[in-house]
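One chain is shown next in structure tokens, namely the form predicted on its own.
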């Protein structure tokens, strides 16, 4: 079940919402239990085989976290924390990276380790990071709430379960304890509907349109020339933007329906003026996790300039590997790590660029790096790069056939997508600042109506694969 499906919008969501508030007025613990069970059902709907995995992971981490939080004098706490982290990393490593390492060992050492070809359990990358953070904070005595229902919802709350944002227990668990959460709040409902409708439109009307162009280009890289290469790469850059942005909007909106505020995870990243600015705007909660739980423990910027650069590079390498078990993701992480180090060096030397040039350099780098991020392997990425830089010619013949679209129309659609990304208010700003007027209501109704007409072509969100 995904957010942009009939069964979610017209069956699952209304039933869960109505029962939640009916029960919540009488007995919040039952409403909480209902929401937890609904979230687990939502997860199991994808593949019931992995339900025991997430439930087992929740129980083990909760027990370890409570033990660490309540036994501050025991000398074995550090060892228990290490075992807890190893438990989480082992699960993630086995299901996500086992075949990647086996393939590379076979290639390098000539071994014959068999591949198990497991289907990646949904959301394992997200709930693993959240629970590692919980264990570390318990060890640091920064947790003070030990209610399993709240903890279970912190891990499994369905609006953020599958593709984030990566939430912090300190932000989420108190909200599940608040009795006001279980009473209908029409202001939250209104804001949630606005941002949910914008997110749904971004996904089904914009991201899925660009997905068709990007898939056509990446599916025929041997036919790409200079213009079609740029059309292909720009289509993916815009697809990923509106897909991830759309998911993030819908997650915030759905959570608000239940009076839960999720952290902002996406803040107009293509408006960034340098690579550090980009990462303050793109997948904000992942950057926050990597900074707090890896960069700072490594020493952050406290151990001198060379070590600072090494630490920055390490977190981007981890970020790339987190996104997927493949060399393309590793290279993407390395590219961003190198760019971030170079940007720091440039700033320390006093270098500055005019705003327009700074934006152009940043966007061009992010865009070129997304080529290898999207490519199934390095050879496909190199083919796209060769086409983009004119090494496969610059002819326009065949573009209409390749994309099944007129070149002029395609160029205008891409310009429109870029215009929205660069100049429009982002959806959080619209949600927070716009007054609820009849015009706004009409805007929301139109978005929902158009989106509902597109729900027959259901497509998954890109971040489900990460």
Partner chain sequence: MTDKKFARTALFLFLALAAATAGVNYWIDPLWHYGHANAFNSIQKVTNEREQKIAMLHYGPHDYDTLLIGSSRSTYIHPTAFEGWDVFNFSVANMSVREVHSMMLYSQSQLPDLKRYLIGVDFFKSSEREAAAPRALTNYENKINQPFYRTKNLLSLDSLEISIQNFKKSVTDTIDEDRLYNRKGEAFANRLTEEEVEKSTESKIRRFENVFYGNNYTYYKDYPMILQKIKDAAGDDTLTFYTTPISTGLFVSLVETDLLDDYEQWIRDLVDVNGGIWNFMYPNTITNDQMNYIDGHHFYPEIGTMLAKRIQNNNASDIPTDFGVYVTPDNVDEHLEEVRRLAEKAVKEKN
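None of the values given here were measured: they were computed from a predicted structure. Residue numbers count along the first chain shown, from 1.
Beyond the structure shown, there is the form predicted in complex with its partner chain, which is absent from this document and is the topic of what follows.
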Give me the residue from 70, 425, 409, 436 that has a heavy atom within 4.5 Å of its partner chain in the predicted complex. 436
If we test each of 415, 441, 27, 59 for a heavy atom within 4.5 Å of its partner chain in the predicted complex, the one that passes is 441
Does any part of residue 19 reach within 4.5 Å of its partner chain in the predicted complex? Heavy atoms only, please. no
In the predicted complex, does residue 194 come within 4.5 Å of its partner chain, counting heavy atoms only? yes
Does residue 276 make contact with its partner chain in the predicted complex, using a 4.5 Å heavy atom cut-off? no
Indicate whether its partner chain has at least one heavy atom within 4.5 Å of a heavy atom of residue 453 in the predicted complex. yes
Only one of 222-230, 158-166, 377-385, 182-190 has heavy atoms within 4.5 Å of its partner chain in the predicted complex; I'd like to know which. 182-190
Looking in the predicted complex, the residues of 11-38 with a heavy atom no more than 4.5 Å from its partner chain, listed in order, are 11
